[in-house]
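Single chain ahead, written as structure tokens, the form predicted on its own.
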């Protein structure tokens, strides 16, 4: 059974089969619950909607605010990545992305223009694990673009875990569980962005996530050479790589590491993936392929 819906500015495609362990109605119910996971995470984490839980929290400066797990978990992982990369990955860059034109809601067309000075960093964000609260010590706009979609993919995969096999594909963030209807691992193609309908590499995976971050999907309308991945230290987009794919046990991990490694670039970016024991495939701007972790 295959179904697709629009969430988080991308087409989310789910393919699943029961292996004769459940009825079509039960399989359909599992898929709908998987889509519901994307709906819940989008409502919590969108920085493009003034009514989202994230944007409401961004208006409470110096006040500890209780937040739902749909915001807490992707923010917690984003802060861990920020610490790990010493700020090369920073969820406090929402205002910087707004200034580059990445501020339009994909459904309503409404643009967000937040009145913050952009000097805040992840160190101005305090999460309380015990109380499940968020406190911002400076005005800032959170951006969870590199963890929220992966988190939603992982929640969707959990809803589908009773199926014999399934694939959740959220436009570059993918999790494949079990096997296909032939009992084989799923074959996943990594896009070659320089060739129409081109495939850079085909992977055979099961119970694993594959996420790709690239410079080719979301370009800035106003700044030539700029795209949606930005180095916080310079405020500029890196263009050393064209795409960075990471294979990991979970989609949120693969999503965050592919984005962070792309932002860092070079041998340091490669080391970030290797040191975490993950696999990666990088396409450089001069069309060289770099492989990490035996892929």
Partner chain sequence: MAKMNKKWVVLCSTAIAAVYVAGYWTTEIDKTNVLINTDYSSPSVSSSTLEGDSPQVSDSQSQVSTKYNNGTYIGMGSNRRGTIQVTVAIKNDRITDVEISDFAMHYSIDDVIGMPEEVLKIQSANVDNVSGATYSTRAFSDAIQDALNQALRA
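Positions refer to the first chain, counted from 1. Every value quoted in this text rests on a predicted model; they were computed, and no experiment measured them.
The same protein also has a form predicted together with its partner chain, omitted here; what follows describes it.
*Asks:* Determine which one of 116 to 124, 92 to 100, 133 to 141, 146 to 154 lies within 4.5 Å of its partner chain in the model of the complex, judging by heavy atom distances; exactly one does.
*Replies:* Stretch 146 to 154 is the one.
*Asks:* Is residue 63 near its partner chain? Define near as a heavy atom within 4.5 Å, in the model of the complex.
*Replies:* No - in the model of the complex, heavy atoms of residue 63 and its partner chain never come within 4.5 Å of each other.
*Asks:* Using a 4.5 Å heavy atom cut-off, state whether residue 177 contacts its partner chain in the model of the complex.
*Replies:* No, residue 177 stays farther than 4.5 Å from its partner chain in the model of the complex.
*Asks:* Tell me, yes or no, whether residue 236 is in contact with its partner chain in the model of the complex, where a contact means a heavy atom of each within 4.5 Å.
*Replies:* Judged by the heavy-atom cut-off of 4.5 Å, residue 236 is well away from its partner chain in the model of the complex.
*Asks:* Examine residue 207 and determine whether its closest non-hydrogen atom to its partner chain in the model of the complex is within 4.5 angstroms.
*Replies:* Outside the cut-off, so no.
*Asks:* Could you list which residues of 1 to 33 come within 4.5 Å of its partner chain in the model of the complex, counting heavy atoms only?
*Replies:* In sequence order, 2, 3, 4, 5, 6, 7, 9, 10, 11, 13, 15, 33 come within 4.5 Å of the partner.
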